[in-house]
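Taking the form predicted alone, here's one chain by itself in structure tokens.
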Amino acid sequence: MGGIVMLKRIVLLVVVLAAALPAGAQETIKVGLVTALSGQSAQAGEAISRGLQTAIDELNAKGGILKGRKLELLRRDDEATPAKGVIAARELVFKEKVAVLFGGLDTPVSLAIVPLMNQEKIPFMGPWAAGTAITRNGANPNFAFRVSAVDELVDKAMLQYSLKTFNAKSCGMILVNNPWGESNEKGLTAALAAKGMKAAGVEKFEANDVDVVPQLSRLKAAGADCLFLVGNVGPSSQVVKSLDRMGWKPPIVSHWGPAGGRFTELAGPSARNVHFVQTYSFFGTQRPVGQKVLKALMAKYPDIKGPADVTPAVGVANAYDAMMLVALAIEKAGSTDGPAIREGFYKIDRYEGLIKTYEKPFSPQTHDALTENDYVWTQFIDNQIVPVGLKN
């Protein structure tokens, strides 16, 4: 009999303690990440992971969100493959019940995942993949948001940079043959047309090509005086090596694919000839948020001794700001209900972030928080990504 009385007291104590906890404090809020964590672009996937985790650690140290609920990051490797990305996303959505899913760096993977997120009404946040159609996908309601570059805007910036920096008159396109390449072909063609210009030529290459001399030779014969390059680490390095074999050294204005991993190792010394876009750099004078994030990264990750070790910085910076904006959206929603979080994004008034101070970053018409004014042009110097003109 005494045992039963004791059991009742224990049960009562557990109930009282649970009631004393802040609402929901017993349950973490899960956020998922599907990105390349292996292969040539693994460094970019790790950068995204570190940016998210740094933000989560900061939020949890302050007591979490929604009156005390802690955040938890669940990562899955998509191996840069759309089919594997969808499988990973389905697991995180249906089994792990994530409140928000973060995408990775490959546009084809994100494009494959977004329809699932719109169907299940769970917010998708892109911290890297720049394909225009990821957020401008035609869905209503649309659950895809992004804190990253957007091809359509990057393409305008690439043209502007080629005109201003290299006085280019006739640029040729050398693009990866996938949806990301198609997105940029469309954007670059539109950007050129807006200035009454046309490309010298448009050439494509496959992601596993090891020689693109034939395509480059056609662009050279067509009179190209600069190249617009779009491709991730491996194929972009093959373009550089093919140019070396030809002895042709046109200016190369690139999307940010080369930043994603072992570009200098694969491309060789001429890697420094590629000028590519980024959204952030930890070099130079940092605002308080930048100082805080760099300090946190150095404390958590032993391999980070300074700005040069935060690479690619764009992955860290985009992911950090994206996580902070997601947390604000959840707070505005007052719950982890997907449609409520979606509306919460529209209610964010101001956030002093790492990349910039965001003023009403999202609206029903605009799901991209960054604009063409938020880009930095960089190059590799001694295996470090530094702003063009800054010799680290």
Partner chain sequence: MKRPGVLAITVGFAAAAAGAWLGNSYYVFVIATLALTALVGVGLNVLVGLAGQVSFGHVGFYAMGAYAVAILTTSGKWSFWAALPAAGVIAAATGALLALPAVRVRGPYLAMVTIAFGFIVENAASEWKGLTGGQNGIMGIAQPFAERWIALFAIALAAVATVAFALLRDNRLGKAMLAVKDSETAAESIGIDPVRVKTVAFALSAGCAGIAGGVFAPLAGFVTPSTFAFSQSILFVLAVMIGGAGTVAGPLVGAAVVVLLPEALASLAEYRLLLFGVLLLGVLLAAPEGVVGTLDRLLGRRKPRCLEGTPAALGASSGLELEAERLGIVFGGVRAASGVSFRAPPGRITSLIGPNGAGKSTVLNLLGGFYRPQEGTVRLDRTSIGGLAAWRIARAGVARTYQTTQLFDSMSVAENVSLASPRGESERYLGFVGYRGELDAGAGSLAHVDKRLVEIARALAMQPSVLLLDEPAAGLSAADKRRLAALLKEIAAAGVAVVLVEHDMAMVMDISDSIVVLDAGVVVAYGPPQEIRTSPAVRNAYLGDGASRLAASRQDAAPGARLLETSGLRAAYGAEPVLQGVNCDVREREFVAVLGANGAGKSTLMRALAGLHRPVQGTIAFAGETLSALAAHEIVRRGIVLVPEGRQVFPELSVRENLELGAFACGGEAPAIESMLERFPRLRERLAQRAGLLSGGEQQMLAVARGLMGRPKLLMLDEPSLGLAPKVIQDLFATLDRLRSDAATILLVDQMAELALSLAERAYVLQAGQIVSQGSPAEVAAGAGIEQAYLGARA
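We call the rigid core the largest set of C-alpha positions that still match within 1.5 Å between the two forms. This one's a predicted model, so the numbers in the text were calculated from it and none came from an experiment. Residue numbers count along the first chain shown, from 1.
The following text describes the form predicted together with its partner chain, which does not appear among the structures shown.
Contact with its partner chain in the model of the complex, defined as a heavy atom within 4.5 Å, holds for exactly one of N177, T165, S170, N273, namely N177. Of the residues given (A99, A112, A157, L294), A112 alone sits with a heavy atom within 4.5 Å of its partner chain in the model of the complex. The shortest heavy atom separation between S183 and its partner chain in the model of the complex is within 4.5 Å. In the model of the complex, its partner chain lies farther than 4.5 Å from every heavy atom of K198.
Within this chain, K121 is remote from the site of its partner chain in the model of the complex, having no heavy atom within 4.5 Å. The shortest heavy atom separation between K84 and its partner chain in the model of the complex is within 4.5 Å. Across the proposed site, Q53, I65 and R287 without exception lack any heavy atom within 4.5 Å of its partner chain in the model of the complex. Heavy atoms within 4.5 Å of its partner chain in the model of the complex are found in exactly one of 329 to 337, 38 to 46, 54 to 62, 351 to 359, that being 38 to 46.
Shown here without its partner chain, the chain has I87, R90, E91, F94, K95, T107, P108, L111, A112 in 87 to 119 lying with a heavy atom within 4.5 Å of that partner in the model of the complex. With a cut-off of 2 Å and the rigid core superposed, T285 has a Cα displacement that falls short of the cut-off between this form and the one not shown. For N118, a C-alpha deviation below 2 angstroms is recorded between this form and the one not shown after rigid-core alignment. Put simply, N178 and A44 come closer in the model of the complex: their C-alpha atoms are 3 Å or more nearer than in the form shown.
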